[in-house]
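Taking the form predicted on its own, here's one chain by itself in structure tokens.
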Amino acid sequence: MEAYSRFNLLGSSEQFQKVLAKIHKLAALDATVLLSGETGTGKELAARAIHYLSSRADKPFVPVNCGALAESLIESELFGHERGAFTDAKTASNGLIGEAAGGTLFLDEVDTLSLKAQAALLRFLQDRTYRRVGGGTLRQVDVRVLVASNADLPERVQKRQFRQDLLYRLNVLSLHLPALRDREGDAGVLARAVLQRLSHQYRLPLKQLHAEGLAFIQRYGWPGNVRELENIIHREFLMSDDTELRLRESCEALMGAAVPQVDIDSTDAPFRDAKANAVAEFERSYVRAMLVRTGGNISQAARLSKQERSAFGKLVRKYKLGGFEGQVA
């Protein structure tokens, strides 16, 4: 386990040890790898480990968030462009593929690429040749490609949202990162490691997990996986004055998003009013829990709750939860 700690890949569970063993094997196989798993499971960390344990370790590792690439500039960003190829092309660019020459190109959220961009990527993967935007010279590059997605790509293929031939090209080798809830005992290991890292980062005394806090960590489902765990430990480390973290506030916020119970015997309100109050209490509790989970990131909270950002934002404003700064009031 210690051999992978430099990549922040920590865990002693049987499920995760199998992942580490496969990473070691994949590092020696210079072929395309498709990494899958839920958001926050550590797909980029695994990709970095594959690169830095491989023969390409002394060459660049270039990570690309495909979801952040502007549709109109994807080919230019990936393949580069010649000077004057378009209005803002005042100088030539090697592109991200050119930057990764000799090393590894990591394409995260590959499922967000448009069908047009998928076609361009497919052409490149066939023989690693490409042309810069605005250029006529055919270039070839030696680069390993790793891709990641938290989507069900075969399902996307069935819905004609992802090219089947591209999936074949990408899924030469595969690695699935298990959800944190499926890694028995690892949440506690990770939490302690995060506390040590934060103590060093902020030059503050090391804090420990109280038995109460550890019990919460072990029973909570962690839908946001390792990223969510790190977010909560980070906040509690900075905000708590205790040397032992009980995580009470986070526990109440995250576990309190259940449907509220109504005491029928004690309410005098008509059914319609009682129902409206229960719905409002649920909405406020749910939105608050999602904001705590994502560190106040409304866009990410909306994605986790499978809501449009505008609709989720309306709920944030409705319940006056927009002043989130590490905690939700």
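Residue numbers here begin at 1 and follow the sequence given. What you are looking at is a predicted structure, and each value in this text was computed from that prediction instead of being measured.
Quick note: we don't show the form predicted together with a small molecule, though the next part is all about it.
Checking 54 to 62, 40 to 48, 284 to 292, 24 to 32 against the small molecule in the model of the complex, the stretch whose residues place heavy atoms within 4.5 Å of it is 40 to 48. With the partner omitted from this view, the residue of Arg227, His234, Arg139, Arg246 that lies near the small molecule in the model of the complex is Arg227 [heavy atom within 4.5 Å].
Note on the partner interface in the model of the complex: the residue among Leu78, Leu113, Leu153, Leu190 having a heavy atom within 4.5 angstroms of the small molecule is Leu190. Although the partner is absent here, Leu10 lies within 4.5 Å of the small molecule in the model of the complex, judged by heavy atoms. Proximity of Arg144 to the small molecule in the model of the complex: non-hydrogen atoms within 4.5 Å are absent; the residue sits far from the partner. When contacts are judged by a 4.5 Å heavy atom cut-off, Arg132 does not count as touching the small molecule in the model of the complex.
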